[in-house]
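We begin with a single chain expressed as structure tokens, specifically the form predicted on its own.
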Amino acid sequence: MKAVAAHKYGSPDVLNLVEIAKPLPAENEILIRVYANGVSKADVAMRRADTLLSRLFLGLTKPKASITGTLFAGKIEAVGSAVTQWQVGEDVFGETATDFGTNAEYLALKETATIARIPANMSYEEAAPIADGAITVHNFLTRVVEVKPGMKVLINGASGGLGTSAVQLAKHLGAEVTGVASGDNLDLVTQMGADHVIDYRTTDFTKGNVKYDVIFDLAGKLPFGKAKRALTADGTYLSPVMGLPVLIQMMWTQRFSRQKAKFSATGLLPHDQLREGLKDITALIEAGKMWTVIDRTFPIEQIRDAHRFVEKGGKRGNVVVTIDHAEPARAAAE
């Protein structure tokens, strides 16, 4: 079967399309025929592994897992003899986190992994990015900090894959949402439900008079030292970007400041917590209260181009990678 392998860290050129054996599911595993997966900023960061901190999780000198990818959407083709939760033919999506392996035609996973059924109103392409974008922001906005009605929430980087999900979820939770993006993308942020939009190229919100209960820095370019000027006295700064400065700020503010800096590695949470998040997000999607924004799709043969596109920045929503099979894929949502 086709798969994308990386045996070292570096540029998109380290990604190579290879042929490997099709996996056989163990008695407690399901075999998924993968139709779509995604490429996010996290995938780019893991491919590069620029920091020692990231290599402690990924492998010090080279990737521990050679087959890349963490997101997937597809159809269950086979189940092991001990599997009770899933059936052949079901459409599913999810993520593998640091186990990787989703950039392949087939994927074998334990039935207790981070997996959910695809809502009837979604295509494979729309479902594939959910476990990165929507589930990450769900963790931050409902667990790391509990967003409540009336809170002022600012989303920095509101037009990306994480940002479009964050705006929708924060609005659903009852917050007054401000989205920060480039002027070209403010229309998209408004469509996602933002009450206010700010063009970061012309306006520095940290110099304004508005104070926010939560500042969610999805762009990874707003240090806590600057963001705290726009936080309320008991406000919280959130960052999904792993780095030593954020970890130091977390430890410092936990003990010495009413304003808090918080980070969470969502993909490393227990599977049961992640599945609960997927359940909540799926319910919102089925109710038409959340949806996936796709900038563009690439076939798996163009995986390097997909990484280059994400790496250059400025994408609107998500980037999806598709895998062609002989039979027709799930119809797109209407």
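All values derive from a computational prediction rather than experimental measurement. Residue numbers run from 1 along the displayed sequence.
Another form exists, predicted together with a small molecule; not displayed. Remarks below refer to it.
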Identify which of Tyr124, Phe140, Phe224, Tyr106 has a heavy atom within 4.5 Å of the small molecule in the predicted complex; exactly one of them does.
Phe140
State the residue from Arg47, Lys41, Arg33, Arg275 whose non-hydrogen atoms include one within 4.5 Å of the small molecule in the predicted complex.
Lys41
Pick the stretch from 142-150, 233-241, 85-93, 114-122 whose residues have a heavy atom within 4.5 Å of the small molecule in the predicted complex.
233-241
Within 4.5 Å, heavy atoms only: does Gln259 come near the small molecule in the predicted complex?
no
Does Gly10 reach the small molecule in the predicted complex, with heavy atoms at most 4.5 Å apart?
no
Classify Ser159 as contacting or not contacting the small molecule in the predicted complex by the rule of any non-hydrogen atom within 4.5 angstroms, answering yes or no.
yes
Against the small molecule in the predicted complex, would Ala265 count as a contact residue? Criterion: heavy atoms within 4.5 Å.
yes
